[in-house]
Every structure is written in structure tokens, then in C-alpha cells.
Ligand code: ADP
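Just one chain is shown here, as C-alpha cells, and it is the form predicted alone.
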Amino acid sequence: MDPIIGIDLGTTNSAVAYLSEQEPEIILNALGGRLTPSIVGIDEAGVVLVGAAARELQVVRPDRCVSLFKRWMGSDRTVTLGGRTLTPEELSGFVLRSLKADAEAFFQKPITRAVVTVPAYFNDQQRKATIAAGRIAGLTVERILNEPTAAAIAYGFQGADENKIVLVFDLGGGTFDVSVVEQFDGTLEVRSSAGETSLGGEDFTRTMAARVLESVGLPFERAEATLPLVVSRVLQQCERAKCQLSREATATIRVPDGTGDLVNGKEVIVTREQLEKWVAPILARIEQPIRRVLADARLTREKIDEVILVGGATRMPLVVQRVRDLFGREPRGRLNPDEVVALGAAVQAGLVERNAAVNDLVVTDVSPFTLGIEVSKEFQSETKSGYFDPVIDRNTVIPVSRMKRYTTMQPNQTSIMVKIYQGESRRVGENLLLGEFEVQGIPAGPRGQEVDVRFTYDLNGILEIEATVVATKKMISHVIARHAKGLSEASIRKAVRDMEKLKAHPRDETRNHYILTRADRLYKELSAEHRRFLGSLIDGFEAALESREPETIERYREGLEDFIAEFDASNDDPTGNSDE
């Protein structure tokens, strides 16, 4: 049987792993990198670029590239690249297809099944969108796994015999999750989860970019609308500076002129103290989910035995210090925070395929949010609608099936509308509408006719609703809905067909395309003298590619790579080894 791979489909970086006979291991991509940037681009020739090559193209042609689309999953939002309109599911499908190709190159056989991770706080629509993205990429998603749970599995795999309560603090490029996990007798039991789907290292980067642009008289929103090339270059510079400030006290950011030229631009020096002041209000948002997760687990901070750091943003000293202050202890980061989720997904894949290496490991998970329906309430003689009645409470162990009985409120009422919501507010207006359906055929009669509503929530976090008219036993089943908002079954089939038609760069040519894209970006940043020399190197490399002679290609590529290593101030790493 073909192996099942584990995939961390991240906001800024993604990774793929498998479970070997001894332990989970990362599968390298075509550039030899352990991480693949979650960026998609379409170049002038109509070729789809994914990962490091797309990241390079994004700096000079932001109109042809897109990132952070994980935050759009489950929505109707689309983006147009190279004249083609793409959904978040299709964009994620490109990333998944690239990771799938890396796994197939490693195993030398087709790969069709995967465990894919999502933020714990992804709602039903976002989870279905992730499954749809897998199908578009040619993968059957065997299990949707919460990211902090995956991290706990990776740590628990190597210490399954220990008994302790662990808090997983997962701050990645785009999302924040926190989970309390109890480990005992080879069992990992998730007791509670909370978080935000729009909080991460990218928010720190964009905040820094906004402050830097303001310092040279360019409001960020106006610059983003009128000077996209300037903004894309500043974002690149700020991402590099943010990582540098995790190690050093100051960093220099080059702000290009109005044409995007860095040579004639300005320099802005940013200190670690400035950055920490700018991002402090954003980082403060971690505290409410932490309070919630501890309350739901019925624990105090003193009862936590260990705090595990996950996600590249946890490399920032400010983040580490905040966690240290909150829990009064040194957090752990023994495993690479960028890779630990993918490693945990690989262990979960081993559980799904009954791998002998994980025979003694048991994992449970929870629903991170409350699920229920809209009801009306009577106040003396007045009936008011818009109230939320929970059916499955947040942090209930899954899989779970719960039923509640409801009644009609009007005489001769023969139908009811069941509206399903996710959220924690007592009013549905402050919660998220997941779907709705009508129950008809209720016998006419006095008010109080009974309807049973059953919620079933599975291991993938997918919700099914059943409504049964008690008097007639008539049942209506409703799986919450659409594979994703705005993406029907027919849309998925069409996306699969379109994916096959699109030109994607062959895996064995990815390194060449990456180095050319990076060289083109660097060319625009250099002085005239260095431009001329780089131009000749690019011409020689392109001529070597046309010759199709491996030794000639390798010789010219090495010369081009040496020049880039010497003159590229951004020092970009094709492995994408930072998610801060």
C-alpha cells in the first residue's frame, strides 16, 4: 500500500514528512529545502511557480503572485494571476501538489493519501476547503489534524511513557493556537484548544513595514494601493530585518524609491526595542485564548508541567519572554518549531495506516468551538429570535454525537428553519453561520410539536446534522454544506481538470527556474557596474539551458549562484527556514 504522508499546510511555509521505522522525518523539496514557502505565482510564460521561485517573483512582480491565502480558506475571495481567477482552494492545491511531487520523488512511487494539518480554530467551512484543496492536488485527505495536536504528537512520540500536562503554544506565520494536552500511559489527550486564525508573524512583518513606510512619508494603505512594487520590496526587507532582530539589536531596512529601485532609495534603521513596541498590541491578543484554554481545562497556570513552543514566530525574543512571564518557567523548543507540526502529521499518518512504530500511541482531540442552532425565546408575552443554543460545547472530545429536542412555537406550524452556528456568544448575530436547512412535514396541531436535532462531529472536524420529526419519524440529514463556501462539487471537479492543463515547472528544473527568478530580482537592485556583470552571467546561464548539456548548465549555474551569494543583501534562503 502507498505510504500516507503528513503535511503542514502553513500560512507562510509548508512542509511534508513521513514516518520512518524509527521516527518522523521531513522530506526535502526540489531545492533541497525542508520548508516550501506557501506562495503561488504565474510568470509571463504562464508557468505556475510555487515556493521559493514564487517568493522571488513576488518581490518584482507582486501582481503575479499571492501569499497568505490560507487566511481566505472557506471564503468566496478570489485572486487573478496572469489572467486566471483562482480560489483559495486552488491556490492551496498548487502548494499541496508541489509537496506531493516532492514526496513522490522521494519514494519513487505515486502518493495519493495524506494527513493535513489546520489551525485548531478553523471552522467547518475552512476544514472542508482544506479537504477540497487536497482533492484538487490529487490527494485523498485521510485526516484533518489540528496543528497544536500535531505538535503534541511529535513531542509525545519521543516521550510517550511520561505523565505530564503540556501547553502547546503555536504562533506561526499567520495563525495562533494554544492547546492543553495531557500525556499518560502512551495516550495523548487534548483537553482544550483555543486561538485565532488571523494572528501571526506576518502581522508583525506588516506592522513593521507600515511604520517604516510612515517614517519616509508613505502611509501603508495608500502605498499598497498605488505603489505595490515599493510595498513588496519593503515587506521583503522587513521580513529579513525581523529575523535579524531576533539575533541582533539593530537592522537596516532599505526603502526603494517610487519605481521600486533600492539603489536610489533610503535606509531606515530599526532597533529590537522599536519592533517590540510596535508589535506589543498584536502580541497582547495571545492572552485571551490562553485564559480560555486554561479555564476550559479547569487548570491554573501553575498546574502546567511544560510549555512547548511551536511556529517560527516563537523565535522572537519578545514572544519567548512573554510566554516566560505568563507561565513563570522556561518554555521548551527541543524540536524545530517550523517542522514540528509536519512531523506530528507524519506520526498521525502512521496511526491511520496502522504503522507498527506507533502501535502503543493513542491520540484524542476536541472540538475547539461550540456548535449549536438559533432558537427563539419567550419573554412574558413576547417572542424574540436570534438566540444561540449550544448542542456540542467547545472542547468536547471528538468524535461525538449529541442530540437535543426542540418544539414549535406557533399553532399549526408545519416547518422550522434549522440555522447552524459556531461561536461562543449567546446571540447568533455574533457567531458564525455555518449553514441552514428547512424541516418540513411537521403535523399541524398545537404548539409544542417536537423535532430532535442531532449533531455529529467527526475526527476531521466535519459536522453532520440530522433533524427528526418525532411524531412521524421523518428524518432530514444535512452535512454542512458545500465543500467550501462558494466551491461546489462541480467546481472541485473543474479545478482538478484545470490543474492538469496548467503548465507547472518540472521538478527537475525547479532549481534552474528559482536561480533565474532570484537573479532577475537582484538585477533590479544593483548598481550599473554590477548589473552589467550579472546580466552577462544570466545570459550565459540561459544559453547553457538552451544547450541542454548538464555539465555546461551546472558550470554556469554555479557561477551565477556564487555571484548571488556575494551580492544579495537579502540573503534569501530557498529552504524558507523561517516562519517568524
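Small disclaimer: the values here were computed from a predicted structure and weren't measured. Residue indices: 1-based, along the sequence shown.
The same protein also exists as the form predicted together with this ligand; that form is not shown, yet it is the one meant from here on.
This ligand in the model of the complex is approached by E202, whose closest heavy atom lies within 4.5 angstroms of it. Contact check for G172: a heavy atom falls within 4.5 Å of this ligand in the model of the complex.
A residue is said to contact a partner when one of its heavy atoms sits within 4.5 Å of a partner heavy atom; G311 meets this definition for this ligand in the model of the complex. In the model of the complex, this ligand sits within 4.5 Å of a heavy atom of M316.
Partner contacts here mean any heavy atom within 4.5 Å of this ligand in the model of the complex, and among 321-329, 132-140, 238-246, 116-124 they occur only in 238-246.
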